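Just one chain is shown here, as structure tokens, and it is the form predicted on its own.
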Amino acid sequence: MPKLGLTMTEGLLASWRVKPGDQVRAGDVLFVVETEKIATDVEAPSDGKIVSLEVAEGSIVPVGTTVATWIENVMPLDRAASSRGSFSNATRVIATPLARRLARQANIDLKAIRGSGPRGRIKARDVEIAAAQQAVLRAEADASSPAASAAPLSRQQRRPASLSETTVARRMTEAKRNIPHFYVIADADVTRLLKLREELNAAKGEIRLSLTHFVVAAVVKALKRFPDINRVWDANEIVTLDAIDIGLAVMTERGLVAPVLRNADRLGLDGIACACEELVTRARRGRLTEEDLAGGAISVSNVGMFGAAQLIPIINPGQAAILGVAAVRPVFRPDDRGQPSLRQELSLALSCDHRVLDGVSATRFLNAVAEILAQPLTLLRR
């Protein structure tokens, strides 16, 4: 069992991708490990042959424990070996760990599913669609049977929560119960920001800038102005952080994660955009480490792309605040002459830990974020 993070002491061996006798190439996935925060594919370091599996699927295994035995570099792999049942990239079904788990629970053959991901990779959503189709066919068959009228058809579906889902549920419940939340809400005029973003993206830079990138940059600038916000509660101590690290909420097929953007104050707007996109990509591919998910005092969660009018999020355990970002909406505001002027506004909601922050400091910080977004040219300077 590999050590996948500094704090990892054990992991759940979620599934085997090989069986005894299989020939494997370097880079083939041998098994999937789940910790409290992530699921990780463990790959073969070189070519070899699997001799035996020492640990069953679903076992919680201490770091360093032998989970399988194998012989390295037994023989070169070829198509003849593959045809005899060996494990190779040419024959194995490409699917995410969550998709494989859902398929096992629903008793669905992954070979019968066409994946919607890159290179035909089967995602959890593909399995859910297949399961729903299977349920419809089964319901239609049951409805046509003579006994169908004897009992009503139940449409309720149940499945065990995955380890990651259970962990998120536990951590969020603990956070809401143990962290005394309070909330500050403000609107930001982003009329100029949207025009600036359009101009910058039309210039065809290295990366397209999203509203989230601007919000993260504004939070960074506001933290530099109000460093007392950059602190957390830890074992009855208030800890002020030296670095400005920002969490970024990302929805993945395994659930919601919040990887942390390190030393964001050392990056310009383009650097923040590139770093955010790299984090999002690794999060959605299941390539985050435990270190990626630790640290920082504040996160940003943007649901504006889904049309939400407002988001009041729950603080991530270990942090002291989270900024909820909603959709941009057009509103009429009086201009300097008192005439109605069409503006574009963004709703911001800051959830705060009252053990660390108070209403005045939180309001000043949130107002600073709103002011920076309203004057976006300042974000082009470090």
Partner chain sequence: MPELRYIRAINQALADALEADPSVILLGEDVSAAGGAFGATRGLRDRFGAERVIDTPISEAALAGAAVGAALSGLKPVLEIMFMDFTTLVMDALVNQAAKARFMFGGQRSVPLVVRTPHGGGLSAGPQHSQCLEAWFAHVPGLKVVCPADPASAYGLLRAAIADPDPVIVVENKALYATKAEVPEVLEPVPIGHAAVIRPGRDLTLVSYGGAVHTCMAAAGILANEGIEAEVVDLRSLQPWDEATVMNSLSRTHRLIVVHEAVEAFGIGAEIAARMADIGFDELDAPILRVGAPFMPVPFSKALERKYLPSADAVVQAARKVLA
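Numbering follows the first chain given and starts at 1. Take the two forms, superpose them, and find the largest set of C-alpha atoms that agree within 1.5 Å; that set is the rigid core. Everything quoted here is computed from the prediction, not taken from an experiment.
Just so you know, the form predicted together with the partner chain exists too; it's not on screen, but the next bit is about it.
Engineer: Is residue 121 a contact residue for the partner chain in the predicted bound form, using a 4.5 Å heavy atom cut-off?
Structural biologist: Result yes; residue 121 sits at the interface with the partner chain in the predicted bound form.
Engineer: If we define contact as a non-hydrogen atom of the residue within 4.5 angstroms of the partner, is residue 104 a contact of the partner chain in the predicted bound form?
Structural biologist: Residue 104: yes, in contact with the partner chain in the predicted bound form.
Engineer: Given that the partner is absent here, does residue 125 sit within 4.5 Å of the partner chain in the predicted bound form, heavy atoms only?
Structural biologist: Residue 125 belongs to the contact set for the partner chain.
Engineer: Residue 97 near the partner chain in the predicted bound form, any heavy atom under 4.5 Å?
Structural biologist: Although the partner chain is absent here, residue 97 would touch it in the predicted bound form, with heavy atoms inside 4.5 Å.
Engineer: Quick one: which of 195 to 203, 250 to 258, 110 to 118, 224 to 232 gets within 4.5 Å of the partner chain in the predicted bound form, going by heavy atoms?
Structural biologist: Partner-contacting stretch among the options: 110 to 118.
Engineer: Is residue 127 one of the residues whose C-alpha moves 2 Å or more between the shown form and the other one after the core fit?
Structural biologist: Yes, the C-alpha position differs by at least 2 Å between the shown form and the other one.
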